[in-house]
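This document starts with one chain, in the form predicted on its own, laid out as structure tokens.
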């Protein structure tokens, strides 16, 4: 595949994630949108890395580390959302904003 195809796919993923993060009120859906946006950035970075230095595996290691960190971040986020829901029956973004008061 060409670099343009990878960047087009990454931009479509980013746009879908941005729409999902801005249009939804469920905390889980917002987190899914953010995850799509981060995946798009990782895809674009890996594509650039592959097309700049195709012989080395440094970009692949960086992508694996980024995906591992994203999985940990999403697991922590879902744990916080689960704790919020169990404590106060809050699953929407406007309800979570009132918790700081």
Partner chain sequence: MGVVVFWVLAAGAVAGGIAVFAVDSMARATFALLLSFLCVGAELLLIGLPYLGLLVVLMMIMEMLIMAVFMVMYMMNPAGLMPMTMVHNRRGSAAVSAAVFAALAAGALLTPWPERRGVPAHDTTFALGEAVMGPKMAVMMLVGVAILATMITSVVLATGRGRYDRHGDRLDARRPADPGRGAP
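Positions refer to the first chain, counted from 1. Think of the rigid core as the biggest set of C-alphas that the two forms share within 1.5 Å after superposition. Just so you know, these numbers come straight off a predicted model, no measurement behind them.
What comes next is about the form predicted in complex with the partner chain, which is not displayed.
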{"item": "Residue contact check: residue 16 to the partner chain in the predicted complex, 4.5 Å heavy atom", "value": "yes"}
{"item": "Partner contact for residue 24 in the predicted complex: the partner chain, 4.5 angstroms, heavy atom", "value": "yes"}
{"item": "Non-hydrogen atom contact residue 88 with the partner chain in the predicted complex at 4.5 angstroms", "value": "no"}
{"item": "Interface residues of 60-75 toward the partner chain, as seen in the predicted complex [heavy atoms, 4.5 Å]", "value": "60, 61, 63, 64, 65, 67, 68, 70, 71, 72, 74, 75"}
{"item": "Rigid core fit then residue 75 CA moved by 2 Å or more between this form and the one not shown", "value": "no"}
{"item": "Large Cα shift (2 Å or above) at residue 26 between this form and the one not shown, core-fitted", "value": "no"}
